[in-house]
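What follows is one chain in structure tokens, specifically the form predicted on its own.
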Amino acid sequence: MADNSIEVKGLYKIFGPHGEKYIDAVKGGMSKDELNVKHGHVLGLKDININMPSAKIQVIMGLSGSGKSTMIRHINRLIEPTVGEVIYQGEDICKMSKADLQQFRRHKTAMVFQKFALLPHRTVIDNTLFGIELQGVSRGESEERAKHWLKRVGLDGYEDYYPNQLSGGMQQRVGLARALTNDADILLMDEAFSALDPLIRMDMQSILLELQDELHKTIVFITHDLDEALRLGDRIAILRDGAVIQQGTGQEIVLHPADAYISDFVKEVNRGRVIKVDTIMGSGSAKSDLTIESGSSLENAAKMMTESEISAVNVVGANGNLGHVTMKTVIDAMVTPATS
């Protein structure tokens, strides 16, 4: 399998006519507010270093103004960096020629937007074909691919509808089908589900996870919602004021928040759904015939023990027994520690 990882190295973005002039000042500690007040420039990103794994979902999250959408737009260079590199397969996207960048955008990346970005005068099938048309694929082949992905996202039979005839959730399915029809290695999703109602949003998350199990795309997913980040992300990076505050797996962030800011984010999280039995299991076997698969959530372990009316369960993997968890250790781990 090709390595479709993305490495962001020392990335800075200062918005304004002379951004490069103030890089040294920002590196020296000038704050975002000070840069704006003194020089009329806006700090968008500050020394971003993220290794986005191949064939995984990398979530970039933060509140409004944190820099997450600015970050994702550097990957396909919709925004030019002030300083820094974005490396893909050994090449710096930030240094690509116009022709190479055009090919990279057409063949290697696809983007799904928050506001759907559908063309109102084009039908569902023609909207789905929009990106692949630019690749020079024949109409017959491109239609076949488009219909396949429309069916996969649950829109079989809607090919001739127009966007204004669809619900918000259905419109976003068209956007996802369009991105998948392009068959790009990298899928960029900027607040893709944020405009949807909660139930539809959960449904779209499930569809994305099901497709990812099959396709193994490198997905960069932007969100301001921690629950969404924890559900989707293999890796999560949390931004504040243009800088990465913490990055790691969902478990790492929930169990070991880097500072009070992150602690405030994670304090209401359902830890039972995030933390896995492997993280808290003890060594050896318990006196129990009940087993649970490695990678299962604490919530599932607690449910299994409650229904079976036992106090311990063995954790098993491909090579047999890995350890065990007890009801007490599960409950203790599910409780958010009190903050001082």
Partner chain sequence: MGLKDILPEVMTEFPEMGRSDIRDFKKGIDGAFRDFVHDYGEVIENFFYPLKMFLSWFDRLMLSTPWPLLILVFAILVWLGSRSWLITIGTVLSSLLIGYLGMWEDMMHTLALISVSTFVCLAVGIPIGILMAKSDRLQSVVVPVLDFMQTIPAFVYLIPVLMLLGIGKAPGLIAVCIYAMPPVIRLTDLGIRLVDKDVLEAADAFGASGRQKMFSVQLPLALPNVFAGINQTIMMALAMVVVAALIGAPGLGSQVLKAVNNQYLTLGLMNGSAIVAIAIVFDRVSQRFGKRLQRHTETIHG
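Positions refer to the first chain, counted from 1. Since this is a predicted model, take the numbers as computed values, not measurements.
Just so it is clear, the following notes concern the form predicted in complex with the partner chain, a form of the same protein that is not shown.
- Contact check for K217: every heavy atom lies farther than 4.5 Å from the partner chain in the predicted complex.
- Put simply, Q172 is far from the partner chain in the predicted complex: not one heavy atom of it is within 4.5 Å.
- The closest non-hydrogen atom of P120 lies within 4.5 Å of the partner chain in the predicted complex.
- In the predicted complex, the partner chain sits within 4.5 Å of a heavy atom belonging to M111.
- By the 4.5 Å heavy atom rule, the three marked residues K13, K27 and N51 all fail to count as contacting the partner chain in the predicted complex.
- Contact with the partner chain in the predicted complex, judged as any non-hydrogen atom within 4.5 angstroms, is confined among 120-128, 200-208, 148-156, 229-237 to 120-128.
- In terms of contact with the partner chain in the predicted complex, the residue from V254, I75, M189, A179 that brings a heavy atom within 4.5 Å is A179.
- Among the residues I262, V83, L166, A243, the one placing a heavy atom within 4.5 Å of the partner chain in the predicted complex is L166.
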